[in-house]
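Next up: just one chain, as structure tokens, the form predicted alone.
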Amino acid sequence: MVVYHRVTAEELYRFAHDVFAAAGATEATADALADNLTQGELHGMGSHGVSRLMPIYVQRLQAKGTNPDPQITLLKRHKSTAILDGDGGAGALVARHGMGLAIDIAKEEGSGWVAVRNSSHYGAAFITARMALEHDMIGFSTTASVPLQPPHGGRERALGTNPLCWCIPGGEHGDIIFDMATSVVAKGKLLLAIMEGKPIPEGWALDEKGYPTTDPVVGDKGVMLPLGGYKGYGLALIAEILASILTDAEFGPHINNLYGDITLPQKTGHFLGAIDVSSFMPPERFRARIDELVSFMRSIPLAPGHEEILIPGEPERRKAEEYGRDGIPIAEDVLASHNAIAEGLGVEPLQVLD
């Protein structure tokens, strides 16, 4: 049985920040990575949080496969678009910079679209896209990743689990945050199942011969399955075009694996966007209309076996409220391994609540 301990979000951020700083990251990089992974854990996404990603991020920083002090460069700006070079930096920092630029452009042009090349793994997509919300803007974020899923009908890896995320400013019912992997589930969930020694549901992955498996270790050696067959494949392909081709970044097998040679930059591409709601209508009216839409959705009679109708992002928001109140659960073995990393770097261990 997996034993969990709880930590506060503030303590988890402190711990991650100090570990990344001790591994050689600048303040900007350490802050971006620690905030990104803490927010992943806080919203119930351990697959995109400290639990899974901190060790490999540390290793890549130390090996300089991730540039600990990138000089992010604006390569081109044309009306509502821009191109950034991330200089091999941490994806959390580079994507944050890119979305900030998209927001600034949207303030001038009504919308801003930023193509990013030469970056790395950037964590959960919603963390970047939601930056637009506080500016009364709609945020969009997608990224390419190493191949993990086949094209529809294939059994070899060709495309990443390339996420698509839209963040929509809402009113009393809250913002709408739709963040999905184009595979049935994000690869991180499979890796988390391996860490926790749990089976995966049939339909998540195929083995190396193309047959369904419930063994996460076998699935990790095989392929993840696209969401909805050809539909997920099509969405993953579109994300690859936006994040890899339009950005002139690497694509498919040319993206270096996060867990591969840690001395090599990943050369990942992202595509980020912001749409200024005030270019269309007063933000207050937009938020009120979103509330009307959500109220209508919730008025629909429930199907058998369902207790309520949720809006995208609501389960994660509730999880953040729960974990913010009671603490974030961290598996005991993960806690031990992370504290061992901290000890090796001279960092104070992670302090738990229980």
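Numbers follow the displayed sequence, beginning with 1. This is a predicted model, so every value here is computed, not measured. So that the term is clear: the rigid core is the largest set of C-alpha atoms that superpose within 1.5 Å between two forms.
What follows is about the form predicted together with another copy of the chain, which we do not show.
Using a 4.5 angstroms limit between non-hydrogen atoms, F280 touches another copy of the chain in the predicted complex. Taking non-hydrogen atoms only, N118 never approaches another copy of the chain to within 4.5 angstroms in the predicted complex. Taking non-hydrogen atoms only, M99 never approaches another copy of the chain to within 4.5 angstroms in the predicted complex.
Among residues of the shown chain, R325 is not one whose heavy atoms approach another copy of the chain to within 4.5 Å in the predicted complex. Stretch 231-239 is the answer when you ask which of 86-94, 190-198, 231-239, 123-131 has residues with heavy atoms within 4.5 Å of another copy of the chain in the predicted complex. The three residues T81, L246 and F271 all sit with a heavy atom within 4.5 Å of another copy of the chain in the predicted complex.
Taking E284, E108, D261, D215 one by one, only a single residue has any non-hydrogen atom within 4.5 Å of another copy of the chain in the predicted complex, and it is E108. Among the residues P312, G44, P68, P329, the one placing a heavy atom within 4.5 Å of another copy of the chain in the predicted complex is P312.
Residues P151, H152, G153, G154, R155, E156, R157, A158, L159, W166 of 149-166 are found to place at least one heavy atom within 4.5 Å of another copy of the chain in the predicted complex. Remark: with the core as the superposition reference, the CA shift of D248 between the shown form and the other one stays below 2 Å. Core-superposed comparison between the shown form and the other one: the Cα of L235 travels less than 2 Å.
Once both forms are fitted on their core, a CA shift of 2 Å or more is seen for D207 between the shown form and the other one.
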